[in-house]
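Let's start with one chain on its own, the form predicted alone, as structure tokens.
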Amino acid sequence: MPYLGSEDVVKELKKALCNPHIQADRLRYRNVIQRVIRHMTQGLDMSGVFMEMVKASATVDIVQKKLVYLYMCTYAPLKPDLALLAINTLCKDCSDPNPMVRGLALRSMCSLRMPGVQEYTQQPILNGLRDKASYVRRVAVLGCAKMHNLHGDSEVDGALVHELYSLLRDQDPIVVVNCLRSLEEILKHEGGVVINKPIAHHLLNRMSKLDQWGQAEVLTFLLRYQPRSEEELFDILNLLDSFLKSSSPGVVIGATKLFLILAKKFPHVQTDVLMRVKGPLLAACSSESRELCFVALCHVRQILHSLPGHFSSHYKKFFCSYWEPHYIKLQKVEVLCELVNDENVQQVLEELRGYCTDVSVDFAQAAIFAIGGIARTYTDQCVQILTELLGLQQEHITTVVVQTFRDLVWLCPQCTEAVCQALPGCEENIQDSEGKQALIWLLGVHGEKIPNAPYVLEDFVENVKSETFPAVKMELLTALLRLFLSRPAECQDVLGRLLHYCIEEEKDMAVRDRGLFYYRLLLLGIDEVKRILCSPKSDPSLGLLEDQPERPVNSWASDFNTLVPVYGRARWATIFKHQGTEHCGPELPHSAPFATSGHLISEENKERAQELPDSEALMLIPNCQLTAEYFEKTWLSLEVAHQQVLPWQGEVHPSTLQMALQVVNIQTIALSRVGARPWKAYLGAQDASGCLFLAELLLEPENSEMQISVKQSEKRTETLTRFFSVLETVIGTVGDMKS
């Protein structure tokens, strides 16, 4: 914000700049110019002294020139007519004997963001590209990109591009890197800089002379080159070998990605490379830089997709320290869950147990969910720890433990007895709606094993009028009706009161409709209620969606050293889509968005289940909502693009199939009930480019096969093949689970 009295300040400085006595004293003159810059950076409008500052540029003092050029670059867009007067001074300085002055003048001239400056800068830039001083060449190369960016609608100058390509063999390594960056910016609409065999080998031989930033940049550009023979491939890998030991984490990660991409046909080489970068990654995970530590942890989790036991011997490196920020602690907890084995499970659980009483509520709850995830493999130890946590009688701990128990008994029915014994008494410490829903579900489904289940639900019914969450009321209705089927004498009166309240007094329409539905269902008889409500109390087969085989390295190698491991595929795809701009890096990471929710099934494991068979992943939009009317209209207007028959035995379980399709972002529009003949299902999905996929599943009773028909809004054979591959994988997985 400009200071009060700014006009007086400008007048005073203008007077001082015009004072011949001050101009004669170099130090006093420089101090006045520094005051102008200081006021400018503080928000004061100093455009009134523009002419005086232009005159001040005529000096041999480099410091004074830098200050004046900074001022001119700032106010040139506001004073374009006056700025043209400074062009003569800048052009003159571009021919100065001092290379520092030449480079400074050329950089300032290219930074003048005003119309008409290109005709003045073209010749100085060409002269700068051929200058003897490397500093001037560096500035001139970057100036080419600045001018192209300023006049992006103009055609690409072929002669300039040829000049920049020839400068890739410049003796100065920084000039080489700057040429790559400028060519990438100038040729972005044509696919960027082309890396052929001579350029690739030249860059590889110059790598040792580059600084760490330049090495990381060149490694990224080298991803575009594909060796023509196996001998050439291993020659390149031998040249890159030393960079796996670099002191810069960026260079190590960049070299690792290049290794993984080039050696995609040699899995043993990829595994060996990942073994060799274990040390640098562990060092980065212990770095004092929080950002570096977080990124390294994200890449560790990605490596664990293919090598689950890769870091198991170093699990203590991922123990959390009290001073670490919340987001790093969460990443370390996720890594610990993936490193658990028979040898370290006790130590990891003890460490996680300590986190459960952390002062941070979010971190404590994340640790409890982590123990719940480990409980799927080591049930007894984890259930014992969770039961002991209930004894702390802390609201936030009890709430999450009960949610963990709910998920656990669904996936691991063998722990039901232990969970039911731990539940009595915990209802007093639950105030959160999620915790209430979890407890009510457990009491309704397994209430016959919990002695006081009807009386706990009765307490909820007595306080139902003060309950603010409709989801809790609907869960209470379902749980009480289920418990009524196994313990009718204790639940009849309570159920009647709850139904009366929901039908006569409840204002929420969803709760009222569910109450009416259950009331009318009871009128049909207990047998009908049992047929509809008595669904399975657990489904261990759902674990197959998570326990997929190890993912090949090629499935995520293209995501390595990008933002995908940091954001996750689903979130990064969404961010990239909404940016609406082209990716400014030399490579666009392949990403496939998949978004689901849950606690025992972690995000990374869900991505593992959603991964496509090859590295060219399909990018389906999460939460794509298609109405039945729109689906029908579109379906009738399109022709069948692909039809295939898959083997199938027995009936289809719609709930399991629907959940599996949801994992890979395929929406279920409509499907037949269990036992329908013929059985049909209609599915829909959309990729990031807007292409719509519509599918029909048809199962005839007399045939042991399922017919799949797919229609596509745009004719794209490659994306259609990938979509069908996803659909085939899901159907095959569900078929194996059922059998």
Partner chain sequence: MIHSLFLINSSGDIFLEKHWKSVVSRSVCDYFFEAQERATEAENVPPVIPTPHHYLLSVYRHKIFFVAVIQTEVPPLFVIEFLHRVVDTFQDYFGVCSEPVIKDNVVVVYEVLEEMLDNGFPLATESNILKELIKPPTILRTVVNTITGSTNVGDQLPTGQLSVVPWRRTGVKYTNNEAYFDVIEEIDAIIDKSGSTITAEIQGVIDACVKLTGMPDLTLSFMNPRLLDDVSFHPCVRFKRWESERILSFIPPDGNFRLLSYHVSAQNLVAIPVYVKHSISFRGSNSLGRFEITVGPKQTMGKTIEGVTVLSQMPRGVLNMSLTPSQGTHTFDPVTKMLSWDVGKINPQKLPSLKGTMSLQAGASKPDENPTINLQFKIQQLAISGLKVNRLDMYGEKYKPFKGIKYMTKAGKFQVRT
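Numbering follows the first chain given and starts at 1. Please read all numbers here as calculations on a predicted model, not as lab measurements.
Beyond the structure shown, there is the form predicted in complex with the partner chain, which is absent from this document and is the topic of what follows.
For the candidate spot formed by 247, 286 and 289, every residue has a non-hydrogen atom within 4.5 angstroms of the partner chain in the model of the complex. Only one segment in the set 206-214, 631-639, 473-481, 228-236 has any non-hydrogen atom within 4.5 angstroms of the partner chain in the model of the complex, and it is 206-214.
The closest heavy atom approach of residue 436 to the partner chain in the model of the complex falls outside 4.5 Å.
Interface membership of residue 100, defined by any non-hydrogen atom within 4.5 Å of the partner chain in the model of the complex, is confirmed.
Though the partner is left out of this view, residue 566 does reach within 4.5 Å of the partner chain in the model of the complex, counting heavy atoms only. When the partner chain is considered in the model of the complex, residue 562 lines it closely, a heavy atom lying within 4.5 Å. The partner is absent here, but in the model of the complex a heavy atom of 279, alone among 424, 279, 115, 309, sits within 4.5 Å of the partner chain. This chain lacks the partner; the member of 710, 692, 671, 40 within 4.5 angstroms of the partner chain in the model of the complex by a non-hydrogen atom is 40. For the stretch 163-192, the set of residues having any non-hydrogen atom within 4.5 angstroms of the partner chain in the model of the complex comprises 172, 174, 178, 181, 185, in sequence order.
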